[in-house]
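Take a look at this single chain in structure tokens; it is the form predicted alone.
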Amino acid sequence: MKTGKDAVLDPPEMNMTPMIDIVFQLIIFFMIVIDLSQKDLEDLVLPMSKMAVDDEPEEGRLYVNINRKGEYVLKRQKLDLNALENQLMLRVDQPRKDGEPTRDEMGLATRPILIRCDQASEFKHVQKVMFICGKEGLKIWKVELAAGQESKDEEE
């Protein structure tokens, strides 16, 4: 039997190396993006409480972290008290993703705030953030404090 010049002797093969490279790059990309979604939370040792309950975060909640040095951190940015107040003023009235209004009929902010403070920090830093929340321009009334849960073993 005669074979022509165009006849293929070997079946075609598919090179999978570029596809594997793309898949690994996508995996790395999504790992980085997922890590950035946790940018609101600082690595703190929270004070323990017997009354602490599991956290169910509300949509649009703001997080103010206070580290052991007493520094205020919002969105991974260290701020002094004046800058923190300015940032809260900007963020409290931003439109919410869930479509809820940013203020109620009395002018109070509907966006909650969670204050997370390291257990080695002094309470006066939490007090200052709470005072800022109550100022006339902000009027954040829903202030939550973060605490760690004591394990059952510690109670016995």
Partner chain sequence: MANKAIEEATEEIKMEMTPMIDVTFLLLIFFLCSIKFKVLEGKLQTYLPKDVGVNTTPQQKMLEKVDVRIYRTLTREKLDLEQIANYRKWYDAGGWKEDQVELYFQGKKLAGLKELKKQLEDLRERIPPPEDPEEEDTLKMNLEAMKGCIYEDIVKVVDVALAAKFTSITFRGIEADA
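Residue numbers count along the first chain shown, from 1. In this text the structure is predicted, and so the values were computed from the model without any measurement.
Another form, the form predicted in complex with its partner chain, is not on view; read the next lines as being about it.
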message: in the model of the complex, is there a heavy atom of its partner chain that lies within 4.5 Å of any heavy atom of Val64, even though the partner is absent here?
response: no
task: Please check if Asp55 has a heavy atom lying within 4.5 Å of any heavy atom of its partner chain in the model of the complex.
output: yes
### Query
Might Arg116 be said to contact its partner chain in the model of the complex, defining contact as any heavy atom within 4.5 Å?
yes
*Does its partner chain come within 4.5 Å of any heavy atom of Pro47 in the model of the complex?*
yes
Of the residues spanning 112-137, the ones with some heavy atom within 4.5 Å of its partner chain in the model of the complex are Leu114, Ile115, Arg116, Cys117, Asp118, Gln119, Ala120, Ser121, Glu122, Phe123, Lys124, Val126, Gln127, Lys128, Met130, Phe131, Cys133, Gly134
